[in-house]
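Here's a solo chain for you in structure tokens, the form predicted alone.
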Amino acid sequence: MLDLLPQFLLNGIIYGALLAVPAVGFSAMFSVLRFPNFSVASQATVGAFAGYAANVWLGWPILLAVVAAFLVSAVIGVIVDEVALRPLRKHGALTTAIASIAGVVVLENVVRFIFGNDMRGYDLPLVRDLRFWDLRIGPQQINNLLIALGIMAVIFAVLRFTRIGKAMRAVADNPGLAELKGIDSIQIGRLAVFFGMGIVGTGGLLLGLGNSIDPMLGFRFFLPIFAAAVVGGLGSTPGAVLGAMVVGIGEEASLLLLSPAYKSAVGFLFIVIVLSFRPRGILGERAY
């Protein structure tokens, strides 16, 4: 059994990199808006199906499908936030978070109405897996990994070097002080939702590329996404990446001992263990 460990670790690193994309989006929105937006589950589904429509219906290559997934998820995320969530923020984080769960149900059923309940796959060429040493990896897995790394590099560059990124970090650190400095926190909140939901939708597409997709895709992946953000430290972008790697490798390595049916429970286990010793998460600066 232990001879399979290197293969599971490789699978875990790739899965963790893909998981990091939506986890970064979720964590970035939390840092600015100060509530957990659970509608990321449905936005991941929206992104996966927007990419499917671009790839299969329109015949676009995967890279353009990634752009379509980002834009459609970002726009729908802003609409949902403006119509349903922003008016509720004055009533507190818990009320807004509960409303975001209602958004999950609505969006998933909209996707189900348009695309139906059937499982679908992207239009990808069939190619043989690559083998080196005793490991096996698919060319599409390599492409997905490179796309995920490219997206995360862009995210870090935007947050670190652009005025928008610096304004988002200022609002995340201290909204009142940011307002005194002339930063419009409402506008920054809209930008956080736009970029955050776009990233989540792109992550949904990447997670769906290796498998089939259906309207429950986002719901299935929400727990590992949430676990990655919490374990790494809510509000911390590097923490979301680290948490995603911990959860991704942990879930894949658990297959050495557990049935795949228990794989999703590993995320909960990491949440309990990490928060028991460090309530703010591994790289989080604030406890919630």
Partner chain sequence: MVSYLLATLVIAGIYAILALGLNVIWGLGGMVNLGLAGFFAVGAYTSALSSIGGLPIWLACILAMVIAGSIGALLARLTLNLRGDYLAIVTLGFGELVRLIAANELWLTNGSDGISGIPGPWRGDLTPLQFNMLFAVLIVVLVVTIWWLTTNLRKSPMGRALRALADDETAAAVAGKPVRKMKVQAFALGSAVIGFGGALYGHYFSYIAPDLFRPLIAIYIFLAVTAGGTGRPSGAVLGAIVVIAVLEGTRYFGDVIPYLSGVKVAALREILVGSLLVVIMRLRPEGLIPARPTTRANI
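Treat the numbers as computed from the prediction; the structure is a model and nothing was measured. Residue numbers count along the first chain shown, from 1.
In what follows, reference is made to the form predicted in complex with the partner chain, a form of this protein that is not presented.
Remark: all three candidate residues (172, 223 and 271) come within 4.5 Å of the partner chain in the predicted complex, counting heavy atoms only.
This chain is displayed alone, yet in the predicted complex one of 166, 89, 136, 120 has a heavy atom within 4.5 Å of the partner chain; that residue is 89. Of the candidates 84, 142, 75, 130, 84 is the one whose heavy atoms come within 4.5 Å of the partner chain in the predicted complex; the others do not. Checking 57-65, 238-246, 254-262, 44-52 against the partner chain in the predicted complex, the stretch whose residues place heavy atoms within 4.5 Å of it is 254-262. By the criterion of a heavy atom within 4.5 Å, residue 124 is excluded from the residues contacting the partner chain in the predicted complex.
In the predicted complex, the partner chain sits within 4.5 Å of a heavy atom of residue 109. The partner chain is not shown here, and in the predicted complex it never comes within 4.5 Å of any heavy atom of residue 161. For residue 191, no non-hydrogen atom is located within 4.5 Å of the partner chain in the predicted complex, even though that partner is not displayed. In the predicted complex, the partner chain lies within 4.5 angstroms of at least one heavy atom of each of the following residues of 15-39: 26, 30, 32, 33, 34, 36, 38, in sequence order.
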